[in-house]
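Here we start with a single chain on its own, the form predicted alone, put down as structure tokens.
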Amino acid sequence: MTLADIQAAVGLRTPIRHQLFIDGRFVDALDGQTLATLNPHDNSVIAEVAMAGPADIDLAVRAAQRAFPAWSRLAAADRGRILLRLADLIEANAEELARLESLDTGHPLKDSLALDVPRTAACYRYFGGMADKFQGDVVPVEAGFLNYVTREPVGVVGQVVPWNFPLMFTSWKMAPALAAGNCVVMKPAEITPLSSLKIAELMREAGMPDGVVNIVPGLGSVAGQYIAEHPDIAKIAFTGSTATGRRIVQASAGNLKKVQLELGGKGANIVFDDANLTAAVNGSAWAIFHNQGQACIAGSRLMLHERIADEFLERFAALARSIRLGNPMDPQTEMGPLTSLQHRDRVLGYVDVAREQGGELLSGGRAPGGDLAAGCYVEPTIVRAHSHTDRIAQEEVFGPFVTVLTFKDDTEALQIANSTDYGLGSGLWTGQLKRAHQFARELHAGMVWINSYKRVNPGSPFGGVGQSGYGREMGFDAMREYTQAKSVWVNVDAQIAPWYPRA
């Protein structure tokens, strides 16, 4: 099939962008390098996408540097208006964006339409409104002096986003950076770049000045590494694996750039014996099986009080087996493929790991055959671990793979929940208000959900502790991440100190 055939088959109205976006134009990579982006439903080629090398990154950084003085001095309300127009354009192109995202990532179309696109628009709209409302401070100091603190943009920021939610992450990363007055060089994941390039097209339509935003798909080991090392990039924001996050910290040392990391997770999802089981079963399925479990905040450790474990698992396994796998472009599909064959095989490998350590496979654990055999599919998988120290209870699988653990009381539940190096998201299901708040305080996590899971909002800070990284996406915290404080002292009424030289 040609690119035009693919476009027509999935209902896309405009051409699929497959070039770099630098200084307001779509251009080929200087060395002509490309990489095929694949449809994970059947691994057919969607497009050959330009892959940026160091020379392309240099061009993008120079374009951002040229644009920075005017963009950072533009009235904050005017920057906000461009982001608000972008939010309107995203909503006007919602169906096409959703189809493009589902084609490239495997997200079920109904999720792309109902979640990914609306959340993306909402985030740009939130920070569009935030642009002229992020204030400085006046500090009460000694008599005779005025001390005020302003927040200034850091300059050119590099942003590296992963393949699991590429459309949504453009807004989480770029919206606060742009609202604060920075210019951006963004590298989307090389296997899912298409929605990011579509956003670049809409940004140009919204009136974004040339050079303010540059989108440079490329290999992480080449383009991502060079962005992290680049001496003219003042900050890097990265979402991805903890191992890569460590390498970025090392690479950033050359110019001591600011670093913001949103890394892995191994979310504890705790169900107590007084929980509403119907709500907990449904919520726990959402926590692990939404987006095929490819979420850093997934509730991948399902911790059950021993008194309700058997009943819960009977209902939970039945729900998992009922989930409709299929072509993500089918509106009836509830769970699509993983995003690549390599990742599918990695997830399935953990079934063998579980067996080797005495785990019990309760459901799933296979790649389906038939019409789905050519794709990157994995059945919803439930495994009971032998111990909370097993690899499947400690390592991030990042797929539709949930590890079941049991506990006898609150003390043991907290000990197991905090037994990993990660600290991103955790949740609990209980009818006791006191217990809920005690666990919210004691859980080693940047986010805690009570009688819910995986709730996000542009106004609420998102991020973790420990091996899950540092810094926060969204909310006022994100604006602080993309600015730096400047303290200004004014002598308004003070006497000159007697040891100063006299004129």
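Being a predicted model, the structure only gives us computed values, none of them experimental. Start at 1 and count along the sequence shown; that's the residue number.
Not pictured, yet referred to below: the form predicted together with nicotinamide-adenine-dinucleotide (NAD).
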Q) Only one of 373-381, 411-419, 187-195, 348-356 gets a heavy atom within 4.5 Å of nicotinamide-adenine-dinucleotide (NAD) in the model of the complex; which is it? A) 187-195
Q) Is it the case that Y124, P458 and Y482 all touch nicotinamide-adenine-dinucleotide (NAD) in the model of the complex, with a non-hydrogen atom of each within 4.5 angstroms? A) no
**Q.** Heavy atom of S72 within 4.5 Å of nicotinamide-adenine-dinucleotide (NAD) in the model of the complex
**A.** no
Q) Heavy atoms within 4.5 Å of nicotinamide-adenine-dinucleotide (NAD) in the model of the complex: does E396 have any? A) yes
Q. Would F401 count as touching nicotinamide-adenine-dinucleotide (NAD) in the model of the complex under a 4.5 Å heavy atom rule?
A. no
Q) Does Q225 make contact with nicotinamide-adenine-dinucleotide (NAD) in the model of the complex, using a 4.5 Å heavy atom cut-off? A) yes
Q: Could you tell me which one of T430, T406, T333, T239 places a heavy atom within 4.5 Å of nicotinamide-adenine-dinucleotide (NAD) in the model of the complex?
A: T239
**Q.** in the model of the complex, the one of L146, L277, L84, L219 near nicotinamide-adenine-dinucleotide (NAD) [non-hydrogen atom within 4.5 angstroms]
**A.** L219
Q: Just give me the residues of 160-184, first to last, that have a heavy atom within 4.5 Å of nicotinamide-adenine-dinucleotide (NAD) in the model of the complex.
A: V160, V161, P162, W163, N164, F169
